[in-house]
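The form predicted alone is given below as one chain in structure tokens.
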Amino acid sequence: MSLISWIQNNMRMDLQDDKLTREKLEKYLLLKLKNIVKYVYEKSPFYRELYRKYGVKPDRIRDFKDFSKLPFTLPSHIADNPYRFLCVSQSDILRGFTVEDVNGMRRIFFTENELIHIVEATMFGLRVANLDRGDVVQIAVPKEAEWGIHQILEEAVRKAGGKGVVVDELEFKIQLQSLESLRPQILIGPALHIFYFSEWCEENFPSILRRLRLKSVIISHGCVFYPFTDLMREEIRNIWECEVFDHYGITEMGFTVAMECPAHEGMHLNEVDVYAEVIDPNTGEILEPGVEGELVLTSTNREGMPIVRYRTGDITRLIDRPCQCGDVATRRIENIKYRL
């Protein structure tokens, strides 16, 4: 399935032709933004209080410029009281995830429907990164409680027709032994772990590396941010002699924010589920595509705990030119350079 086909299916748009343009996608995005602002105003105690404080009237949002005037949501807001963000009863929440960093500890909650949708979005991202039916995928992430990241990845691989094997012990020797026995086509893991593991394999077991035939390595940034540089990518690619795909996701947005395609011209935004803006971190003003600034995200499909205009602290640029993969509709972001 192509990127455009997946977006059209999830947008449930009745297009007279099969061509999804930026103009059509923006009409969908604006509708979703209007709906989510109205939804959180009616359902979320936090946003109802915030928007009343700033005189926000959801029915007065007519375009993207109006939306950009809404107040930001900060990590500290969620840390103070995550339950005030809920738009459903606590009994409707299936899973909560904890994020802890310099901005404090935050709990992010998901309904069952949201988790199922995250699996589907993850499945598509894996297909973009060359996952084919029958492929074996080694998933190098720690196991968590039910519906943890390991389970989401494993289920997404299964839905895509592959076999996902979670190797939750991140000790290098165990990871390598698993690679030898499983002979997977794809390796997934946190950026820093994959980088140092690759260097360790090259230094200590070059003969084994030559026998392994990975076709893709997919890296994630994890809850603790660490930059994934071009030099790191090049080294991993040279060691494994395969493509390396960057993925960007944060818990607050449901993990599946952006994914690289084989053209490697930035990460395609999952604009079915997320709306992205880049702002001047000092003034809060919207920046034009190509100008570096802070990434601000809005979850457009969440029912349990939607978050509107969330300041991520991550520095990047928006890319709105067509991609060589053939996608002329969705925007992309550059590799995240650093976090404020």
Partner chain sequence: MLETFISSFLASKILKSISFSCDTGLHLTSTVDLSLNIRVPFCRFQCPFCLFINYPYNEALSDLYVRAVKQELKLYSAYIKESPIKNVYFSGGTPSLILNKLSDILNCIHELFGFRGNVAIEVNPLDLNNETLSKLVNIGITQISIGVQSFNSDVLKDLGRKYGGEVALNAVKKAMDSGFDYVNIDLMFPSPNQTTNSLLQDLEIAVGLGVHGISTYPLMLLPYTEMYRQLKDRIVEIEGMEKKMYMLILDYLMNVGYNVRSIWSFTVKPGFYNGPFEYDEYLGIGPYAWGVIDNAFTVNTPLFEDYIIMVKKKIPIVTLARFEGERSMIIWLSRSLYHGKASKTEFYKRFKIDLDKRFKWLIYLMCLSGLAEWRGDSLRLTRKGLLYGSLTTKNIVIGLLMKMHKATGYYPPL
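Quick caveat, the model's predicted, so the values are computed rather than measured. Positions refer to the first chain, counted from 1.
Omitted from view is the form predicted in complex with its partner chain, to which the following refers.
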inquiry  = Residue-level contact is defined here as any heavy atom of the residue lying within 4.5 Å of its partner chain in the predicted complex; does residue 203 satisfy this criterion?
reply    = yes
task = Although its partner chain is absent from this view, report whether residue 142 comes within 4.5 Å of it in the predicted complex, heavy atoms only.
result = no
ask   = Might residue 195 be said to contact its partner chain in the predicted complex, defining contact as any heavy atom within 4.5 Å?
value = yes
request  = Using a 4.5 Å heavy atom cut-off, state whether residue 229 contacts its partner chain in the predicted complex.
outcome  = yes
ask   = Counting only heavy atoms and a 4.5 Å cutoff, which of 108-116, 230-238, 88-96, 151-159 contacts its partner chain in the predicted complex?
value = 230-238
key: 100, 132, 199, 265 - the one with a heavy atom within 4.5 Å of its partner chain in the predicted complex   = 199
